[in-house]
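Okay, so here's just one chain, in structure tokens, the form predicted alone.
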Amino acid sequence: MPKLTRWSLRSAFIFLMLGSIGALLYWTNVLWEWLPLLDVISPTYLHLIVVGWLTQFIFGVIYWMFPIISKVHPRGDTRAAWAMFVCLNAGLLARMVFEPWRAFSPNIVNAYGLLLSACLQVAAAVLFVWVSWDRVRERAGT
């Protein structure tokens, strides 16, 4: 298993735990209404589960399991793959910080923080497609 895949899967598990803790806190709030301020983190924990866990897990497994390109560079440009990993995780961490903060104190810094988060995650998606594109090909003779 490639090193990038191990890091992606471990990061995915961390985001699953963080998102699950957020979901638990949110549903505790819904059921007992003991801390109404937790409502502001609901989009964040959903994002952590869907993008942080599910998408990152898929990225890691695809990077590992898709067909090899060549013996010299079996999985393509590793620098672009690592850049994808860094962009995705930096974008997720930025969202974890700026989204709840924006609910309490909406200002221009928070808006730019969320824009940065979105740009980093889109960049990660583009890099993922770029790294994986050559690995999706027809088999010879089919």
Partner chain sequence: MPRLSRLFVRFALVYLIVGFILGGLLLTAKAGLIDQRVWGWLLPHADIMLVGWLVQLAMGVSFWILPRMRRDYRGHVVLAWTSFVLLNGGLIAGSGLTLGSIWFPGNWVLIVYVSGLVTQGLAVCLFAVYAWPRILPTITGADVRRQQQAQQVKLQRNRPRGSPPETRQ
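Model, not experiment: these values are computed from the prediction. Positions refer to the first chain, counted from 1.
The same protein has a further form, the form predicted in complex with its partner chain, not shown here; the description that follows concerns it.
Though its partner chain is absent from this view, in the predicted complex it lies within 4.5 Å of a heavy atom of just one residue from I69, A80, A111, V97, which is A111. Using a 4.5 angstroms heavy atom cutoff to its partner chain in the predicted complex, none of W7, S20 and N89 count as contacting.
Using a 4.5 Å cutoff between non-hydrogen atoms, L93 does not count as a contact of its partner chain in the predicted complex.
Using a 4.5 angstroms threshold between heavy atoms, H47 counts as touching its partner chain in the predicted complex. Of the heavy atoms in R137, some are within 4.5 Å of its partner chain in the predicted complex. Using a 4.5 angstroms threshold between heavy atoms, A125 counts as touching its partner chain in the predicted complex.
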